[in-house]
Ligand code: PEP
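Presented as structure tokens, the chain that follows is alone, the form predicted on its own.
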């Protein structure tokens, strides 16, 4: 039986033996000598080995030059020259790998980025939680219903969501399905963005069916009209169409959770030194897997991709500084993003000491706010949800705390969908508990729908402008 460390309960700190900081040379498999949390328990080691061998022979999903281009964009975001919008599904599913759903996801991210570009007056780096987000950590190894206990659903890359012994059995062949669905998704996204789907001359291509009924429709239309006027002005000056207005860059990201699969897609490439994870542009690790001395940190420290780490309210400054040193020992610009996810009720107490510690160390990181994962709650009915007011509050507090500390918040990390779901409470339409049953689709965590996503983008712009207006001048 293939078994590693079991699931970690709750939201632990980035704990670990600081004396166990690695000193030996890194290899793509060196993580296997360390404790690995949140890994599936496969009952057929030979089947897993065969799948990993096949996965290792398949073409990669992304290229090294795309990865290095993203790293430079994130370096610019660290310096305030760009802003990161990382958004997408909580967990993708194989069944929903369909063109309408993918294009709707692109549409909402494009619309959010348009609002941010217009309001912040800097380019936006678009990174999707897609084309690989098929695995999820869980707070418990097992789930019990009506007296029956089965393994928890860990995402389509591991097992099925149906509550049956056959579906919940971890199946390594799903890793090949995950690679195929990721490739299909990425191929469609590239075809759309290269083919004019993201053309600023035609933002009507991005319209979702219910845009006209949104409370923010008028404001969004005003922004689109102003940008269209600016595009026409620039092209009048240039005397010709500006090609860069006809396409948009999109990058992929997913949680680097299943380390055997990540290793299989870790490659060396011609004319570049080192190793690249070619399954995604930006892999990240969550709070449950970021332990010092753990397998996930060991894996991430050796790849050349830009990487990110989720940081929760229990993390201590010394732990965070050790992790920063481990993952970015050369203080490379654009290499490391710290995604804080504190919760609206805890961010004011927990975040400042971490900001101050990293600032005083002189280390360069990209600070990103995830206002989603610290604000989850389960209603008496058993439905998981998030309150938009708490999400918005954490975003607003984050900008204020960074401004007070003299640090820069360079991005946001969100779970959103282009579908007209009812999963998070509140927002412009004041969704109530009774609304959730109308269109709740997520199999894991609740996501912002189109209207809530657009409202949050407007919130970011408003907060940045308020802080800029109140900042002291020389």
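Positions refer to the first chain, counted from 1. Predicted model only: the values in this text are computed from it and were never measured.
Omitted here: the form predicted in complex with the ligand. The next part is about that form.
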State yes or no: in the predicted complex, is some non-hydrogen atom of residue 445 no more than 4.5 angstroms from a non-hydrogen atom of the ligand?
-> yes
Considering only heavy atoms, tell me if residue 179 and the ligand come within 4.5 Å of each other in the predicted complex.
-> no
Give a yes/no on whether residue 258 approaches the ligand to within 4.5 Å in the predicted complex, heavy atoms considered.
-> no
Contact label in the predicted complex: residue 286 to the ligand, heavy atom within 4.5 Å | yes
Stretch in contact in the predicted complex with the ligand, which is absent here, among 366-374, 184-192, 318-326, 300-308 (heavy atoms within 4.5 Å) = 366-374
Heavy atom within 4.5 Å of the ligand in the predicted complex - the one residue of 216, 341, 402, 71 that qualifies = 341
Identify, from the list 203, 313, 137, 170, the residue with a heavy atom within 4.5 Å of the ligand in the predicted complex.
-> 137
Those residues of 144-183 which, in the predicted complex, come within 4.5 Å of the ligand by heavy atom = none
